[in-house]
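The chain below stands alone, shown as structure tokens; this is the form predicted on its own.
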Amino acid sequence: MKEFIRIASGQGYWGDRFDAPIDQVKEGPVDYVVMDYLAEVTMSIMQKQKSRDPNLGYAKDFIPLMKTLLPLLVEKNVKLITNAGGVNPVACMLAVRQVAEDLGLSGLKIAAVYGDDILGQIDSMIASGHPMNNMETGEPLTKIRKNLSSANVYFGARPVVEALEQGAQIIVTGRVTDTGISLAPMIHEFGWKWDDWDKLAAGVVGGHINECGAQASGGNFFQGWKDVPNMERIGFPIVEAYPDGTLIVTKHESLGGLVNERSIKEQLVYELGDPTDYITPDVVADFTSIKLKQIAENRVKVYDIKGFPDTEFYKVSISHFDGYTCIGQLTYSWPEALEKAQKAGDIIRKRIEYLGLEFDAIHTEYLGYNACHGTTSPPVVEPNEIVFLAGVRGHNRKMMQTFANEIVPLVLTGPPSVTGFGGGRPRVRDVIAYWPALLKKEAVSPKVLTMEVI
């Protein structure tokens, strides 16, 4: 058994910094790189891509990255785990294998974790007594069945551990939890049992720290962003994990950013509901038990974490079409910029009434005044410019298009000193809504496919 392992965060979301995982491998020793690509809306986007081309449905920019990263991973014997596979992890794995073959990296084992995409099984599951009612409203899934865009089960670390035990160096998953891709290496390397609740909870906490990339190492840092050095090349976090469940969060010394108790605390409360009941497919972690200690510069010890048995359910992320939205904008300049923008908002609302347009929601806001804080915004003194935003949401596409045609005419029919209309009419876009649900674990099983590059 190793004394400890280094698990490096390489990406916090689809679209994160391209060179971060390269830096993590090149700038110092690591054993694993984990890369998180998926969010609820991401799955629906990928499902739409797959419906157009059955060979797609994964993060396409992951493949060009592999052309640079794969040789480094092989050279330094670093394992990569990522959920870049989206709704088509097998296709993503095959694309990675092709890159490896083109680079002559024979003997490399690549695995895909799949089985989380249950969109094609919805009807049979409902018929078998798995209603997947909305967790928040209790409404039955049948209410929006005809409009489903995607449906994916959140698997945990188990299938990733299985892939590691099969010798895979590159593991591409579908909707495995953000924490699961960091927890799996700890279970694999240290031989943790599936009922070692405190240790599993520690692994989940380490995964939670890693999952958002640089957000734990000085990025998006509210209580100290001015103190973060070299943000232009910020170092992503590295979790040093120990067999007893102790973690040390750090980063490469050669890179920017910072790791301290404040930066870790900010990440720990990210997307946190009940802190005593952080539920994952593998364990329930008690975040109130976490202890932190700064033991050196850019080194924070995380320890004494408590965990409890997992539940009988998987969470299911379901998305569905829910009408349309259209948002337009214009910019008004000094003097009286805010008054001009507010007058434009008044005109738009009266035009909607005059034209007999009906929407589920009408929203106006003023960038530079109240877009972030709404009615709690402090007073402003004669701003240099205000960006006026007007948006509507509804289910009648024709009415949405009529609204879209009303924005640009304000240039000559509304207040003066206006600009920012070079883009023309705003686009009408589909609204994809989120439907969270629970599914008994016995209803679905993850699958692992491993291939070797010859």
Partner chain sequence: MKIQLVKIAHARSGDKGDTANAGIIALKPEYYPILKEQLTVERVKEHFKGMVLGEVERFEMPNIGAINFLLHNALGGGGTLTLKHDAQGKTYSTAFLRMEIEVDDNLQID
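Model, not experiment: these values are computed from the prediction. Residue numbers count along the first chain shown, from 1.
We do not show the form predicted in complex with its partner chain, though everything after this point is about it.
A.B. asks: So, R145 and its partner chain: in the model of the complex, are they within 4.5 Å at any heavy atom pair?
C.D. replies: No, R145 stays farther than 4.5 Å from its partner chain in the model of the complex.
A.B. asks: Would P275 sit within 4.5 Å of its partner chain in the model of the complex, counting heavy atoms only?
C.D. replies: Yes.
A.B. asks: Does its partner chain get within 4.5 angstroms of any non-hydrogen atom of E189 in the model of the complex?
C.D. replies: No, no contact at 4.5 Å.
A.B. asks: Does H373 reach its partner chain in the model of the complex if we count a contact as any heavy atom within 4.5 Å?
C.D. replies: Yes, contact at 4.5 Å.
A.B. asks: Can you work out which of S149, T280, Q215, Q169 has a heavy atom no more than 4.5 Å from its partner chain in the model of the complex?
C.D. replies: Only one listed residue qualifies here, and that residue is Q215.
A.B. asks: So which of V408, V41, L56, V418 reaches within 4.5 angstroms of its partner chain in the model of the complex, heavy atom to heavy atom?
C.D. replies: Of the listed residues, the single hit is V41.
A.B. asks: In the model of the complex, does each of E266, S289 and G391 have a heavy atom within 4.5 Å of its partner chain?
C.D. replies: Affirmative, all three are within 4.5 Å.
A.B. asks: Of 391-399, 56-64, 30-38, 409-417, which is the one stretch near its partner chain in the model of the complex, taking non-hydrogen atoms within 4.5 angstroms as near?
C.D. replies: The contacting stretch here is 391-399.
A.B. asks: Within 4.5 Å of its partner chain in the model of the complex, which residues of 409-445 have a heavy atom? Give them in sequence order, or say none.
C.D. replies: Those in contact are V431, I432, A433.
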